[in-house]
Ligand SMILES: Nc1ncnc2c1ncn2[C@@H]1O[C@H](COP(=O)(O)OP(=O)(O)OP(=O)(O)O)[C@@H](O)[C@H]1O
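Consider the single chain below, provided in structure tokens and representing the form predicted alone.
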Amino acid sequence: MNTILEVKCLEKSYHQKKAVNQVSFQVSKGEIVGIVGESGSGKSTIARMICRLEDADQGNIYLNGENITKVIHKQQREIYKHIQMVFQNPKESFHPKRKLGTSILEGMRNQKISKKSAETRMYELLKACELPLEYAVRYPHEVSIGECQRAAIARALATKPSIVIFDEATSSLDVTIQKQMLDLLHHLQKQDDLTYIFISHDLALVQQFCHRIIIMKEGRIVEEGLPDKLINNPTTTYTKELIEAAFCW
């Protein structure tokens, strides 16, 4: 499989405390990689650095072999075309006074896609994400959290990205809606040959959804592997503790 994303020796500190410490991993095209850890383990910080929402202190990030660690301005807009992020709280990720359709269109219009083509794709995405087309003119507060997260997924897919990062994107949903959302993501991933990075504290959920799991603790990767193998044969005490908490063994 072709490597689409490579992270090498990534570091980030806040107030002289390392949030991410010498993190390295690769993601192949079409792969779903789960990053699991407790709050403060550094997983969301890694996501924000990959998306260029934050600068890395040290290390490098490569997208299709190109170093994107320090890109700015117009180059950064090009990164947003290829890498998109879906956040934990969908209603906070939308402008409260903008219609959902307007927010979905924004990324495409920033990429100089014509208004007509962008609107056509917006309606296609609403349909793909199982939302009624009339939701294009609704505001975030007029839809449920689950519906708003579907709109957030549509917005993330609008520019036809290579990689979508989900940062605790299902944690605010109830179990039934969560399953529906994961089924939708699986369908879209296969349909468009997407690559996902799925960040979560829920190891049981990640086992079901991901092809490979990375375990993080205090800014470092402590273990990684195939889901079933990692869960059935953990090599670190920390991973064993996560497994016991997730599966109540």
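Residues carry their position along the shown sequence, with the first being 1. Computed from a predicted structure; not experimentally measured.
As for the form predicted together with this ligand, it is not shown, yet the points below apply to it.
- 44 is the sole member of 207, 69, 189, 44 with a non-hydrogen atom within 4.5 Å of this ligand in the model of the complex.
- Contact with this ligand, judged by heavy atoms within 4.5 Å in the model of the complex, is confined among 35-43, 207-215, 61-69, 22-30 to 35-43.
- At a distance threshold of 4.5 angstroms between non-hydrogen atoms, residue 168 is in contact with this ligand in the model of the complex.
- Contacts between stretch 8-38 and this ligand, counted in the model of the complex as any heavy atom lying within 4.5 Å, involve 14, 15, 17, 19, 38, listed in sequence order.
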